[in-house]
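For reference, the chain that follows is the form predicted alone, supplied as structure tokens.
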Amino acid sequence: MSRLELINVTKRFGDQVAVSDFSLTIEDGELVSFLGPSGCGKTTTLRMTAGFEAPDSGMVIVDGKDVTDLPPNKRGMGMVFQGYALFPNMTANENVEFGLAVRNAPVAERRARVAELLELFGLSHVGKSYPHQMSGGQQQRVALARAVAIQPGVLLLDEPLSAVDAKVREELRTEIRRMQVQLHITTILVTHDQSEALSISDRVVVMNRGAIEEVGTPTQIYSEPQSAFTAGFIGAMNEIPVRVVSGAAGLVQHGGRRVAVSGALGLADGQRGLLLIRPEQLEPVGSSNAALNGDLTLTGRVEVQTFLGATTRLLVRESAASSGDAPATRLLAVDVPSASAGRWPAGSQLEVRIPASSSRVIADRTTEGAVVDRSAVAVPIVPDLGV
């Protein structure tokens, strides 16, 4: 039986539609992330789930019961806010105990539960400390312990790690996953951090302009995106314009070269598409023509090198001769081992192999009914250290 269902939930603020016809089923013990840019509606959806916002239409179902009109304290949910929201005049022990005290749990039971949770979150040594005496990471752990102390049916996390530094954030997201699995709590995590969502979620809900763009496992969302928005938002993605030569055979064409690529099967002949491939899947090659092996090749000039640790990202300006464009060219992001990056300094020429087996093609919806210049590919120039 599903633990939580959101059915056709919609929310407007004046003339602005914040969330539109949102439907999702979350199973018992599942951790689902709502991922998207600022203003996409993910926090509003979470607040409607919690009961802090009333939907204009739709239903919130918990364990088969309609809770749409119930106040937050009647929904059996725990919530961790972005700013922790700890009581400053209470110690860690008292903060964690608060929900149990409100529910009139016996004193011995409350103290045992607090001790258990402080031990689980590694907080036993700060039990008597006040929030201002704790680090940001410790405060966040206390907030998590307080939220799960009441044994909620659903745990809601609203960007819980945004206020801590990168190292602590990485540690805490592992802690959240460990806790969630150990306690088997159905959890929704709202985040704009793609690495956070991909690293700990069972499923990821990608949101865009108040609606669900797509839903899938982290592997599906990263490796097999179904839309250009998801492909561009999750990690760095090269988008190479192609034209479908034969939808029956899955053949596409770029720069006069043809290749069979996953996803092109069934597309209409002559339709425009986007060939998607991650920077780490592109391969620098020599003068040999890899297209003879069933792969595309592109040539260009290295414009920028960006050191990312074990790898270095090369931004390569594709030549018009390679692309078939006149005179427009595009940037490709190519990740190479940092140890060999010196072979391709800025200004050098580079030929890049595009393995057909690592590529996929989706329909280019942006060109339907409009002429769109896709001469510049939307790949992040700022280093993306998360994925």
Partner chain sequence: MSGTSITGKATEETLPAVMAGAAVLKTRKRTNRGPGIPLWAIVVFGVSAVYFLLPLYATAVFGFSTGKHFTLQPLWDGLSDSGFQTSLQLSLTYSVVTTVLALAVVAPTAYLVELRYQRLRSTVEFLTLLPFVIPPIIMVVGLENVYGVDSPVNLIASSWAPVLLIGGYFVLTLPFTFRAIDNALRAVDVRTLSEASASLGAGPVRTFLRVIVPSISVGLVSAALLAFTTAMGEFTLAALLGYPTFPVYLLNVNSFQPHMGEALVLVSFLITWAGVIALALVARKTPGTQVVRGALM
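Note that this is a predicted model, so its numbers are computed, not measured. Positions refer to the first chain, counted from 1.
Keep in mind the form predicted in complex with its partner chain is missing from the figure; the text below concerns it.
Relative to its partner chain in the model of the complex, residues P72, F81 and L86 are all within 4.5 Å by at least one heavy atom.
Shown alone here, F98 lies within 4.5 Å of its partner chain in the model of the complex, counting heavy atoms only. Within 4.5 Å of any heavy atom of its partner chain in the model of the complex lies no heavy atom of A310. Using a 4.5 Å cutoff between non-hydrogen atoms, V107 does not count as a contact of its partner chain in the model of the complex. Contact annotation: M77 falls within 4.5 Å of its partner chain in the model of the complex, judged by heavy atom distances. Listed stretches are 330 to 338, 46 to 54, 59 to 67, 26 to 34; the contact stretch with its partner chain in the model of the complex is 46 to 54, by a heavy atom cutoff of 4.5 Å. Think of it this way: in the model of the complex, its partner chain has a heavy atom of just one of A163, A249, M90, L183 within 4.5 Å, and the residue is M90. The listed set I150, V168, A112, V285 contains one residue whose heavy atoms approach its partner chain in the model of the complex to within 4.5 Å, identified as I150. If you take 125 to 141 and check each residue for a heavy atom within 4.5 Å of its partner chain in the model of the complex, you get Y130, H132, in sequence order.
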